[in-house]
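Presented as structure tokens, the chain that follows is alone, the form predicted on its own.
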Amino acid sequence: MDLSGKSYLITGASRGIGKAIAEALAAAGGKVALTARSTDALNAVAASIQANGGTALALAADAVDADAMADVLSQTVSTFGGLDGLVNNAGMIDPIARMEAADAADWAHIFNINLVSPVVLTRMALPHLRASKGALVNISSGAAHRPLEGWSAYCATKAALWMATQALHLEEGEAIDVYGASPGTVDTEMQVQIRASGVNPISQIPRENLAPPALPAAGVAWLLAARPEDLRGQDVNVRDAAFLQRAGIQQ
């Protein structure tokens, strides 16, 4: 992959899959703007990328603060001269609880994080992505397509994000390339929460059976580089063996 001269904005980039996506894009020559709430963690990721010869810009912000995210986008475009790709990765899983026990305010909060914030940022980024004939990846989940006990809020938000991804492809597919990407079960902080909950079979998966974040990140980077026409508007399982073979990614 050669992404030299291309610029990308990744949300939730201070750790886990978002961090790994930023590292993969930068390793291929892309200029990456990283955003998340944690200033220290974000600066550490950017410094590591720069130490390895990459170009990274750390822009701490809360994903649900539309004004702050507008500033992040503005700084990204002004620093890099445009925007070639957006990865909406920021997300959360709480509340892990049966629907009867989950607080309504917690439901509202997870919808703001997992659905509203990526939609708002996408709306703001569209003029720049249209100008560059760029690409967008929404990080999806298998939970978008099947219910899991205790994950009613998370499943509902991911299903809604998947519908928003399809709608965006329908409306903007002639101008930009839109993809969903499902990473599968990955060794991240979210999985620590899941295992601690002891709820549903996902919490019982041994840590050693979880994929490293670099594996799905390589798949997302390939989507942004190769821009496969047949996968546009799809929820791509970036851990699928056939996909990994096609992308030339080794497990």
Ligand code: NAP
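Owing to the predicted nature of the structure, the values given are computational and were not obtained by experimental measurement. All residue numbers refer to positions in the sequence shown, first residue = 1.
The same protein also exists as the form predicted in complex with this ligand; that form is not shown, yet it is the one meant from here on.
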| query | finding |
| --- | --- |
| Interface membership of residue 141, this ligand in the model of the complex, 4.5 Å heavy atom rule | yes |
| Contact of residue 67 with this ligand in the model of the complex (heavy atom, 4.5 Å) | no |
| Exercise: residue 72 in contact with this ligand in the model of the complex, heavy atom 4.5 Å | no |
| Residue 13: touches this ligand in the model of the complex, heavy atom cutoff 4.5 angstroms | yes |
| Contact at 91, 158 and 188 by this ligand in the model of the complex, all three, heavy atom at most 4.5 Å | yes |
| Contacting member of 164, 113, 120, 135, with respect to this ligand in the model of the complex [4.5 Å, heavy atom] | 113 |
| Answer option from 61, 199, 57, 49, heavy atom within 4.5 Å of this ligand in the model of the complex | 61 |
| This ligand in the model of the complex: contacting segment from 26-34, 189-197, 49-57, 218-226, heavy atom within 4.5 Å | 189-197 |
| Residues of stretch 118-132 in contact with this ligand in the model of the complex (4.5 Å, non-hydrogen atom) | none |
